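First, one chain by itself: the form predicted alone, in structure tokens.
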């Protein structure tokens, strides 16, 4: 019986972590994309974000308002969107995780196209312990 209770608690913790990961996933993706657009074009505009994510301009505007309230972006009406220090930190963390996961998948022999797509999902759910193990593996190989 104790084993069953411990197993149930472990599953509950895993589901709780997954829900938390999902709630942070959107902010990570938007901040990474905004950083990418700033690197490419010098600025990020809502229409560019909407095009790349395949969402409406209204969805981007609503999301940017929420991220502005959270201190991740700065934006004036009808102007470019810029990341705050916290937004840049989130974007760089996402880029770092994505790079490690993608390189790890490539080292396993996964095709470049599949590794890139899979890394986009895995980066949001990989634990720090697993990410460090992937980085150690890559450093040895």
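Numbering follows the first chain given and starts at 1. On a predicted model such as this, the values are computed, not experimentally measured, just so you know.
One more form of this protein exists, namely the form predicted together with the DNA; it is left out here, but the text below deals with it.
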Would residue 79 count as a contact of the DNA in the predicted complex, using a 4.5 angstroms cut-off between non-hydrogen atoms? yes
Exercise: residue 61 in contact with the DNA in the predicted complex, heavy atom 4.5 Å: yes
Wondering, does residue 112 line up within 4.5 Å of the DNA in the predicted complex on heavy atoms? no
So, residue 57 and the DNA: in the predicted complex, are they within 4.5 Å at any heavy atom pair? yes
Each of 26, 46 and 65 within 4.5 Å of the DNA in the predicted complex, by any heavy atom, yes or no? yes
Counting only non-hydrogen atoms, choose the one of 112-120, 95-103, 82-90, 38-46 that falls within 4.5 Å of the DNA in the predicted complex. 38-46
